[in-house]
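Before any questions on binding or motion, here is one chain by itself as structure tokens, the form predicted on its own.
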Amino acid sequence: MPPALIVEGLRKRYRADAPFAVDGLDFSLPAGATWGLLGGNGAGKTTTIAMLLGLLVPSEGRITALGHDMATDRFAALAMMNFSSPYIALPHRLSVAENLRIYGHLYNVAGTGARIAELAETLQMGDFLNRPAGELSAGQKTRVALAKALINRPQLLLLDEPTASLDPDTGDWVRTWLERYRADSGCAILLASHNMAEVERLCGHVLMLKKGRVVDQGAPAELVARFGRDDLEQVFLDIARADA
């Protein structure tokens, strides 16, 4: 199958006299694969994801998502993509079901009610489906964020810290569910995370960013062996603290 996502020469800076926040990214995410996008604060992860979603226009370069050029045909691609982040809150006064219904209509999901019921059962949201979103616990909000991200059965899923602020049990439940969804659907996933154990578990390949550039990449085990470290967190620290 063709790659789910192709990024070529991607660059972004916010002012003409500013350094590039993203500086020459090139990668190709295979269909059905889970890749990690790693880097410290300011490495360019959020800017990259915003460009992949069409929220920011690149200064240079090209993005092809699910066979569609994001510069000229992004709405066709966005219909088959979705995004999840615990840092983006849903309207607090609307119930979980009302929020999901709105997103179902935005994505033109056929049988929105049935899809919400299916997600509520799968993600164990039945007890709080009619509760206002502002009254949910962190774990419940994470499940709702996943439901929102899956409402249109995406073929490409972008995840930003999907288990942030969760207790270990809930975090493990989310990771297990993501693994199952990817295996069952063939969805490609790009995961930005600071949880290196999570990345080692979920990702077959990682891109290590620093100052907007890919400074190393490979399977987690390959990077650990190359750097002579015990785990990916130690590799991350080596890269983050290196001067060059």
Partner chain sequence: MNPSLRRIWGLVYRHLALYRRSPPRVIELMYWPILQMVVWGFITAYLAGAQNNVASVGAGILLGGVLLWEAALRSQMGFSISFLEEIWSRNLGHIFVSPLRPRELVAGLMVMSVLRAAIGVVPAMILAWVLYSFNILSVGPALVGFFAALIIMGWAVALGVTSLILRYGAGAEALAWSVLFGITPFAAVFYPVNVLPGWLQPFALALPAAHVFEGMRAALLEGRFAAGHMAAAFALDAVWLAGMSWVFMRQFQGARVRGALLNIGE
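Owing to the predicted nature of the structure, the values given are computational and were not obtained by experimental measurement. Residue numbers count along the first chain shown, from 1.
FYI, the form predicted in complex with its partner chain isn't displayed, but the following is about it.
Contact check for Glu121: every heavy atom lies farther than 4.5 Å from its partner chain in the predicted complex. With a 4.5 Å cutoff on heavy atoms, Lys148 counts as touching its partner chain in the predicted complex. Contact annotation for Ala164: none of its heavy atoms lies within 4.5 Å of its partner chain in the predicted complex. Contact annotation for Arg115: none of its heavy atoms lies within 4.5 Å of its partner chain in the predicted complex. With the partner omitted from this view, the residue of Val214, Leu53, Leu191, Leu29 that lies near its partner chain in the predicted complex is Leu53 [heavy atom within 4.5 Å]. Comment: its partner chain is not present in this chain, but in the predicted complex one of Gln155, Gln140, Ser95, Thr170 has a heavy atom within 4.5 Å of it, namely Ser95. Of the candidate stretches 55-63, 175-183, 206-214, 36-44, only 55-63 has residues whose heavy atoms lie within 4.5 Å of its partner chain in the predicted complex. Residues from 1-26 that approach its partner chain in the predicted complex with a non-hydrogen atom closer than or equal to 4.5 Å are Lys12, Tyr14, in the order they occur in the chain.
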